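Presented below, as structure tokens, is a lone chain in the form predicted alone.
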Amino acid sequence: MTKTTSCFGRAWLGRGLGVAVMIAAWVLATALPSARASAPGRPPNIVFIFSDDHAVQAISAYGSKVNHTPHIDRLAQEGMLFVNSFCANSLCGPSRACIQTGKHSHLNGFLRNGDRFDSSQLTFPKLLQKAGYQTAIIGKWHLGTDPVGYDYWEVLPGQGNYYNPVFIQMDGSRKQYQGYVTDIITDRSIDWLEHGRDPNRPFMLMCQHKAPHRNWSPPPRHFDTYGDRPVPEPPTLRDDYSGRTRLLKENEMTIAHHMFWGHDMKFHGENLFPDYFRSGLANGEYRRMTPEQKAAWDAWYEPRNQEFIRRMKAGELSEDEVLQWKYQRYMHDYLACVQAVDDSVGRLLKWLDDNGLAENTVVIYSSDQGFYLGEHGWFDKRWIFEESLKMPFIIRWPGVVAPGTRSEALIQNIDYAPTFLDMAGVPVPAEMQGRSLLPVLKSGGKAPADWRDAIYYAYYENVAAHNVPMHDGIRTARYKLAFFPRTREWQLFDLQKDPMELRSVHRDPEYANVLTALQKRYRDLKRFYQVNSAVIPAHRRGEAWWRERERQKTAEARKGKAQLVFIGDSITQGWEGRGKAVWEAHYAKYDALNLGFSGDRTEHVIWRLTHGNLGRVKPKVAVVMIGTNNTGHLMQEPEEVAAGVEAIIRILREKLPDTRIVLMAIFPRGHSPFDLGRLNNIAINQRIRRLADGEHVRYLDISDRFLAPDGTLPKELMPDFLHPNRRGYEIWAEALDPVLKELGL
């Protein structure tokens, strides 16, 4: 009996403690209740309460000026509130994937809403299970695949609904509950705590709410909680986006112009004022309601809606007054949804109190990201600006966390998984990129000397929703640096002098040294977190010509006729320009398909190949040349670009196993043999030639055919020292044709 034999026992009895030590630990824990959580006996239970889109500026413990959240505040009073808590990717699904894995989006593979979570990868609930914890998740999951690592789960499909929601069951069936989703998630969570778990084992419960996600449909009991009391407007509600990147003006998430008549503003019927409201999306929650629910809804909303319509028809409201009305309606609905979440926190805390579990249960309140409550004129999230970058994190852990403490430490949602494991006494895997918060929790909120000085953020969805461009950046205690690939533009904000982020100082000479230092820190952090943009799928649908070419080429590929496919960038696309006559003479007979897109880098090709650009083609040969823009745009490290090329070859091998691949060396660029871009391409070629396997992949380097004896690149072949002219394409075809013939064409 001197050594435990179960996995569970090894995790929470210290892996081989003797009986005497166990008895002593039990006596100590019994004699000192306040130390139970930190004693080497039974590890703490974990209750993780997680909402969706809950802005810190709508939590009174964080200083809200618009609402009061007494139960969340209680957690802060009895525990620790983190002031500098941030998400790694401000979207619902990606944030959840970061939490499950302890890794940034580019490594866990869930970059955008609509992706599917790879459930085979390592996650913290799997490890807690192995350590003897009972695990459960109830509510919003939003990762596209069934939850893994959970003894019990009951989750909403996709975003789920507010009224009379459906839940997916563990057997794949679906069950509908009548009522309000926040209350039902709380009911189901308490039911599992009371009847679904083994009281002799520690547990980890993730109670995950849909609220206050769009379309902000509150429960009847909170229709009048804030009533018609005017909510203070944020100072930047009418932001003109000057002093920063022009990309801000292209967004489609403004309260003024992008809210729907029915879905967001809760009107019935046809849009009467299309100049002020978007049409086409009704309030789907209303359709789900019972007659009694509809009656309660209409009793509150309809008099106010009809009064607004009357005033609009009478011409009594200016454009700015319409904006004010929309903001108030938005805030009424959002804050009422938040109030129901706060109710849920109160119910769960009461259950723990009533059942004697509060002392040895860690309770955490957080949300998947922040949200805009009119700041910069916006709703939604996505941007690296503070309101959506910040996420609440409040933790109560009796005996470990001193009540009423606050921490300024920079934390991120990739830290949650390591923290949960560390709490349970489970070793944190090296592959997890986050850090356990226990050193901060146990030091009264003070970050240890080796704590991070900056967090890394990346948003990948691009223009898929709300026209927010792909970007990434870092945030330190004082500064924020962001990079926007679409415009090759930096933005720098001094949060101490400009907390509302109204002016980028990246061109201000006074900040030249700060910019240089933060750019270095940005590059260092990307290397530290293994961020290689060359392998992270990205599209350019924000550019109309690219979007149209993608549509056109995908349509051609669906015909499935091509025996030969060329894949690449502008040099490949040039077969349709300066090389057109050569193409007609050499490759038209194969119904060849040109998948060259000007300006593309490896990441764009990866995205195209995995999002339908290959259509139904099963060519005999695919010719690939890509990477010169990774050099020209970014001067990216050769090993990073080579990894992107390798990913492309791997995708082609998986999707087209019978297709032979001709991997072209990247053509020389720059007039001089000492041109840095050319030297970078040479270094890439040195690496990608190793991808040739002698059977499926053939490597072809024809660089010497373009160069003069002294190593210069003649203008007569490449007028801009990058793109071949007609004679250049003839040289390419003359070198390629014998290889194609050998491969069966």
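Position 1 is the first residue in the sequence shown; the rest follow in order. Computed from a prediction, not measured in an experiment: that's the story for all the values here.
Form predicted together with a small molecule: not shown, discussed below.
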4.5 Å heavy atom contact, Asn113 to the small molecule in the predicted complex: yes
Does any heavy atom of Asp569 come within 4.5 Å of a heavy atom of the small molecule in the predicted complex? no
Determine whether any heavy atom of Gln369 comes within 4.5 Å of a heavy atom of the small molecule in the predicted complex, and answer yes or no. yes
Looking at the partner-bound form in the predicted complex, is Lys446 within 4.5 Å of the small molecule by any heavy atom? no
Which of Glu78, Glu285, Asp151, Asp380 has a heavy atom within 4.5 Å of the small molecule in the predicted complex? Asp380
Using heavy atoms only and a 4.5 Å cut-off, determine which of Val605, Ile185, Leu91, Val645 is in contact with the small molecule in the predicted complex. Leu91
Quick one: find which of 228 to 236, 393 to 401, 135 to 143, 79 to 87 has residues within 4.5 Å of the small molecule in the predicted complex by heavy atom distance. 135 to 143
